[in-house]
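Have a look below at one chain only, the form predicted on its own, in structure tokens format.
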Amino acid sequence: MKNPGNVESSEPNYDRQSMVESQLKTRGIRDERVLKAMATVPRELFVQEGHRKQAYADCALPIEHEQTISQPFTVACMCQALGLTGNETVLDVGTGSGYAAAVLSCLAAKVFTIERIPELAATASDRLQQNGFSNVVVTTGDGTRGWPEHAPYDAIVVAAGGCDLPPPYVEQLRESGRIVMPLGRDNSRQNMVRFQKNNGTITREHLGTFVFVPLIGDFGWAANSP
């Protein structure tokens, strides 16, 4: 696993270890690299000060601009579904607080993450750099269009629910690459889907039901909903 900055030297945290044991291992997270990353990244750095006592609760928490930080299990499930080995370049759509990008930074060589709200992007970028996650690059933009300048990606993960898989993701995905994204016609509950690109053909596998905010942008939920 990657050692981003000073993260590995952080003090052992009982709540973090308890989260791994009670919320992740018991619900099917088996990838040891993912479990180690979740045990390493201090989630309390990525939540609002008033919610720090709940940082390792089994739930999403509110952050600025009416957005949320996903529950730990959701982040771990998506990371496990990507099947990262450590040498990949990953696109993370929907930076939010930066927590998922921090976890991904422990699992991949490089993480490019895009956030549509400039204030969230700026805060996440500062937080990530100040805490040693130096292999993460943050930008502001329409996440449904991906980030073509750094393509192709070995993996793409999307932290918002859409009706359909945006074509730019397929175009920017490397052969044999994976996309993990929630899909559904209900903008409050979606099926998590893992897509894989093989010989130019996209296959899909359903991973379960989750709840995400809607994917907003040119190829997002509102633009493609009935």
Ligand code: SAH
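All residue numbers refer to positions in the sequence shown, first residue = 1. This structure is a prediction, so every number in the text was calculated from the model and none was measured.
Heads up, the form predicted together with the named molecule isn't pictured, but that's what we're talking about next.
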Exercise for the section: Tell me the stretch among 172-180, 60-68, 194-202, 34-42 that has any heavy atom within 4.5 angstroms of the named molecule in the predicted bound form. Expected result: 60-68
Problem - Partner contact for residue 133 in the predicted bound form: the named molecule, 4.5 angstroms, heavy atom - result: no
Problem - Contact label in the predicted bound form: residue 72 to the named molecule, heavy atom within 4.5 Å - result: no
Exercise for the section: May I ask you to state whether residue 160 is within 4.5 Å of the named molecule in the predicted bound form, using heavy atom distances? Expected result: yes
Handout entry: residue 95: touches the named molecule in the predicted bound form, heavy atom cutoff 4.5 angstroms
Key = yes
Completion exercise
With the partner omitted here, the residue among 109, 137, 151, 117 that in the predicted bound form has a heavy atom within 4.5 Å of the named molecule is 117
Problem - Site check 86, 89 and 155: each within 4.5 Å of the named molecule in the predicted bound form by heavy atom - result: no
Handout entry: Residues of stretch 194-219 in contact with the named molecule in the predicted bound form (4.5 Å, non-hydrogen atom)
Key = 213, 214, 215, 216, 217
